[in-house]
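Consider the single chain below, provided in structure tokens and representing the form predicted alone.
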Amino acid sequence: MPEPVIASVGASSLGRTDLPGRDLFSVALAEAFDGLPDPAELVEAMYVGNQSESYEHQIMYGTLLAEWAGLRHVPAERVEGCAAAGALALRHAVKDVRNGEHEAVLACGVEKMTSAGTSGATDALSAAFDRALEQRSGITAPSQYALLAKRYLHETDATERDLAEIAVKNHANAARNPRAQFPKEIDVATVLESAPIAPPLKLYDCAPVGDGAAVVLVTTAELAADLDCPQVRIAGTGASANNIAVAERDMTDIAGARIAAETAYEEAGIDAAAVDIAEVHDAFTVCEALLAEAAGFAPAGTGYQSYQAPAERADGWTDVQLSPSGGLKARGHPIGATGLLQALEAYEQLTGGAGDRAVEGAETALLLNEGGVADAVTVGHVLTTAEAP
């Protein structure tokens, strides 16, 4: 069975831009194929993660971006799973290579969120909620996650200050990331004194709206070697869908994320303790705490300690470093591209391309990308430069 690897990555700038989605993709593609043969000479299939057609009134993103990449008559599909769309695109590419169907597949993600304004983005994101039970009540993404945050603060020793510290940590990481939408440090007071959005969540507890695109080239190990590319093994992948409505789920036990992570670990032949870095779906600060527990890094009720140095955390924590890119919170969250931006960060960390933000000695990464609220759908990937067990 062929072993899928990441051979190259690329991304556009993140944030507000005048570029349409297809041009954001072109920027990301140009970076990924710098020094490589033309995409038309390599790529045999393409998957595009895209959350909503409402931002640019555009469907058929698979066909559109294949055309923009100079590809003709290859399979090209749009993949949708709200904010998990990018990771789903990567998962499809991995399966194609692993099954021997293709030798080189592009996993892409793009979103042009700012074109719709705040109200348009709010409406597009709310389409991920149950229409009958949630959308008609007027509930929004921040208010949904505020329910999770209030419950988490009630059930654990975590405080609003702890959530603020997670934001501070991720902004500090983003300050060392030239790709970040908000490459600046902040302090706890800035978070705690920021405008309330949906209590207990404040402005600086929330990931921003933004535009962006990312590209990941998935190939066989042999082809990556022929191209003389640094390669990272995609050793495991997992996915899980939970109920769509929050009211039907345990708000502090993110079971779908746990299953996605455990499935990826099992495929990779590792456990949580082997993971050096993790890019998790911190759309809101409480998400990092919840996902640290779901991924097996932290005992129940202690995930909020993710901002602390490993030696300061509670017994039972692993030494993992979370969100070295700055996470969705500060690196940015252009919905369809987010899961692939996680893969890009892991690739750079594991191949010596992370610069000042590099986590020393990192060999293995976990990616957790969610769609809908919490674990409505979760996709996990284990990336590693370590030899197969």
Partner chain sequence: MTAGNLDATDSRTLPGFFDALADGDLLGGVCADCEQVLLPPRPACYACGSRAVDVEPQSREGRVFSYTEVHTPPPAFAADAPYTVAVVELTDGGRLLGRVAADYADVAIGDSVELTVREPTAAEREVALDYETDWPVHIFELR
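Residue numbers count along the first chain shown, from 1. All of these numbers come straight from a predicted model, not from anything done at the bench.
Although not depicted, the form predicted in complex with its partner chain is the subject of the following passage.
At least one heavy atom of residue 154 is located within 4.5 Å of its partner chain in the predicted complex. Its partner chain in the predicted complex is not approached by residue 162, whose heavy atoms all lie more than 4.5 angstroms from it. Its partner chain is not shown here, but in the predicted complex it comes within 4.5 Å of a heavy atom of residue 249. Although the partner is absent here, residue 318 is not a contact residue: none of its heavy atoms lies within 4.5 angstroms of its partner chain in the predicted complex. Stretch 195-203 is the contacting one of 195-203, 178-186, 214-222, 229-237, since its residues have non-hydrogen atoms within 4.5 Å of its partner chain in the predicted complex.
140 is the sole member of 140, 263, 308, 190 with a non-hydrogen atom within 4.5 Å of its partner chain in the predicted complex. Distance criterion of 4.5 Å from any heavy atom to its partner chain in the predicted complex singles out 133 from the list 172, 133, 300, 255.
Residue 119 is the only member of 100-120 with a non-hydrogen atom no more than 4.5 angstroms from its partner chain in the predicted complex.
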